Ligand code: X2X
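One chain comes next, on its own, written as structure tokens: the form predicted on its own.
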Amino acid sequence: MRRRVLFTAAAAAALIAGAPAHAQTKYKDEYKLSTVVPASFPWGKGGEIWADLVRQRTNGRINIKMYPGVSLVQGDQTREFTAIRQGIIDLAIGSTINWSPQVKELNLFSLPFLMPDYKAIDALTQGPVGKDIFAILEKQGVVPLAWGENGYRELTNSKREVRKPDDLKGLKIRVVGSPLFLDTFRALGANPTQMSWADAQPAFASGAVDGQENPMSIFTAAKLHTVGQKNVTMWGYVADPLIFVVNKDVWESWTPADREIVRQAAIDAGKQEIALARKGLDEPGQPLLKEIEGMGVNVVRLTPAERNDFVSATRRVYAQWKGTIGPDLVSKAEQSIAARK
């Protein structure tokens, strides 16, 4: 009898000291993954890849279902980050733009003309700045795992070729719900209009809105050439890195081994998603642009001097927002970009 009591006490002590988390916390039958777009876009495809990798590598212990269209928050992209913290959403691949109202440092990536090329994006996300951003997000109550990419946001419109800031004057341009975007387009003389993507496409078709800015993968997948967007300006004014995150409580409910599986799956999915987002744009000759021109679209490729005119026109906005985002973080980003190979 004494031996049985001792064994039971020892077993209890072992449980208290560190039994596997799954012995104490039941895994959910389904984990909800939020994305803005479906798998027909690189962003949504990244979510599909992540979910599939996790399911395979955990032998189905962690079953992730993707909910595109930010449907878990009724399509409100700016509410997504708060919903992750609250546990309404279990996992997400989120836009740095959409989450910037809650995390001001994420506005870094929307500073006009900060990142001149893909190597500049990589210098930030894969370097010290990326680590700083992840540390900031962790303090906000989410667990960031990996980077993805929505891509450079290029300008399109139905009215005219845009080669200089004056060409934007008076154009009604749909922008995302970010004060920094509003400030940037106002500085260029445009009339920025904030509206959901669902409302924007009919507005292009009717002519109520002249143009928009989005990655070219969005342009082709959404067939924007069919709703009057016949002029494209490749100006690379901002890029939109994506972040793979997990709700903190969900993360802590998994075993350490499963956490590592989910993290590595996010990293692997992120690399594949970035390749998809850049496809046709980072190869010689940019074949995606030739495909778009074949749709009857006029594609403007700015010269360095033309691009610099846009840079000059937005320097005041850049300087103002550098103070809002955090001068030290922005300076570190500038140094990382200057040092890129």
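Owing to the predicted nature of the structure, the values given are computational and were not obtained by experimental measurement. Residue indices: 1-based, along the sequence shown.
Separately, the form predicted in complex with the named molecule exists; it is not shown, and the next lines address it.
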Taking heavy atoms only, is residue 142 within 4.5 angstroms of the named molecule in the model of the complex?
no
Applying a 4.5 Å heavy atom distance criterion, does residue 245 contact the named molecule in the model of the complex?
no
Is there any non-hydrogen atom of residue 62 lying within 4.5 Å of the named molecule in the model of the complex?
no
Looking at the partner-bound form in the model of the complex, is residue 98 within 4.5 Å of the named molecule by any heavy atom?
yes
Can you work out which of 133, 188, 218, 121 has a heavy atom no more than 4.5 Å from the named molecule in the model of the complex?
218
Quick one: from 154, 258, 240, 210, grab the residue that has a heavy atom within 4.5 Å of the named molecule in the model of the complex.
240
Please state whether all three residues 81, 92 and 251 have a non-hydrogen atom within 4.5 angstroms of the named molecule in the model of the complex.
no
Only one of 262-270, 225-233, 172-180, 100-108 has residues with a heavy atom within 4.5 Å of the named molecule in the model of the complex, and that stretch is 172-180
Which residues within 59-88 place at least one heavy atom within 4.5 Å of the named molecule in the model of the complex?
77
